[in-house]
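Take a look at this single chain, the form predicted alone, given in structure tokens.
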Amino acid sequence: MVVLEDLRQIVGDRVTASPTELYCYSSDASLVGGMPDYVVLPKSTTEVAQILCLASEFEVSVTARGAGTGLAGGAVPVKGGIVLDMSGMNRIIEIDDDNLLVVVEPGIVLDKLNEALEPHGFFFPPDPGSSAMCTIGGLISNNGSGMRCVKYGTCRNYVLDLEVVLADGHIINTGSKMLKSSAGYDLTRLMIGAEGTLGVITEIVLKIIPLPETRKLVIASFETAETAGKAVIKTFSSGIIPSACEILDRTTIQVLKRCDPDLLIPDDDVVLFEVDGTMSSVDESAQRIVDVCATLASSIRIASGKSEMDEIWAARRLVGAAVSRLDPAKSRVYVGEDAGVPLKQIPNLIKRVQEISDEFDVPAMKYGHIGDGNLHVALFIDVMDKSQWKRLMHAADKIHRAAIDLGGTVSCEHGIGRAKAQYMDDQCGPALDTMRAIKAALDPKDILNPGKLGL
């Protein structure tokens, strides 16, 4: 109880060891579980630093957590210890549109940030499906991206500076407010995607960009998902870079139409191409996509206007949660859901996933950010049937290994956490030893989010 009393000295009543409250922090959306010993809600960098000094002294594990929307167990305290709930550090400190930047705390929710930026005519482009819930700190810790990453890139492209508390409580800044810098090691990028294993992010400087004047959506359907993949490759090879490029296979379409029977999307495998920019450039790009894909598509058209676009994108965001509409006896299990391959290998990955689904008799929805090679695979089973669990895990393993075999990755944006740690040796090879050396140098007592990333 010494640690608990010391934590109370730092944060007052913003700490708990109540079993019922601890349970709420024992999981995320993955299958990974782990019970913390304490949950602390810091309000300042100073408090975080004092907590880490204490944790270092007593060699207590510390796991930073945002909204808990992760899908790989990244914020789950698999070795107990302290969970730092960063959601209370949620201020927008400064909007400096003259310098194209915003300064925020890690607990700010993504949609809330963009709502604040909109009156200034700016936005922060990364756009994951969880944007209404996920925090900026969690997004950066996993290098999240979402639907706009085709044109705009991932979080990594927008982080200028991070205030980070290291394992021993020391506070550093990894960058500056400059849009570019060539001063020493790029510590900012080192922290992005590190999932809290190297330090706790307490303040963030983000680059922001002007909102586009307008958008248009091209809806193309194809006889097979493989053909859809070929159409995407053809589109990019012709020099067209859409702002978003999403695939929804026919199983996914069935799910969405169970939710909204009036949704104007064909029943085949569908690719959504969004283009943005000026009125003239958007009109030209949309028509070029229609022309390029016409020979491969079963049908292709441009959405009628903003209302239809918003309806379709809202449906796209529901995919992950809507699967139960297809079969109420089955539930989605988040495994094998974030594979990625080089663009030209997309048709092969789609084919491999379908073969794996058929081999193990585990239904799969295939959807996701096909424009950058990121395929989300939603596997669903009757969770009360042990034999289906066994088949599910075999199928997920094969999907991960198929992505690696095709020169890809087991995670494009959801992170490695604990759920995919077993694949890090195969994907990273000797580079994993270098990561372990960095981890040992910055966190010699292994207190920061231990048990993650295969380290």
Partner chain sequence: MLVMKRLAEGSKANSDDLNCLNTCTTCGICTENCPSGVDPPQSIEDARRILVSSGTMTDTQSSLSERANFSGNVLGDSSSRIGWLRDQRGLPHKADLVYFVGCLASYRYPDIAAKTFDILRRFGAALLPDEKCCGSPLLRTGFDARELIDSNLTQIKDMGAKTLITGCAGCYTTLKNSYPDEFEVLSVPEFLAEHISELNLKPLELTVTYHDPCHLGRRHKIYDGPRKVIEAICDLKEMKANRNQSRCCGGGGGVRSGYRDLSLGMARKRLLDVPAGVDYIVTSCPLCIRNLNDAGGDGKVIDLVDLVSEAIQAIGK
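Residue numbers count along the first chain shown, from 1. None of the values given here were measured: they were computed from a predicted structure.
As for the form predicted together with its partner chain, it is not shown, yet the points below apply to it.
Peer 1: Just one of I95, I171, A322, V362 has a heavy atom within 4.5 angstroms of its partner chain in the model of the complex, so which one?
Peer 2: Among I95, I171, A322, V362, a heavy atom within 4.5 Å of its partner chain in the model of the complex occurs only for A322.
Peer 1: Looking at L263, V290, L318, A132, which has any heavy atom no more than 4.5 Å from its partner chain in the model of the complex?
Peer 2: Residue within 4.5 Å of the partner: L318.
Peer 1: Using the partner position in the model of the complex, report whether S27 sits within 4.5 Å of its partner chain, counting heavy atoms only.
Peer 2: Yes, contact at 4.5 Å.
Peer 1: Verify the contact flag for S18: yes if a non-hydrogen atom of it lies within 4.5 Å of a non-hydrogen atom of its partner chain in the model of the complex, no if not.
Peer 2: Result yes; S18 sits at the interface with its partner chain in the model of the complex.
Peer 1: Just to confirm the contact call: exactly one of 322-330, 379-387, 227-235, 240-248 touches its partner chain in the model of the complex at a 4.5 Å heavy atom cutoff, so which is it?
Peer 2: Going by heavy atoms within 4.5 Å, the stretch is 322-330.
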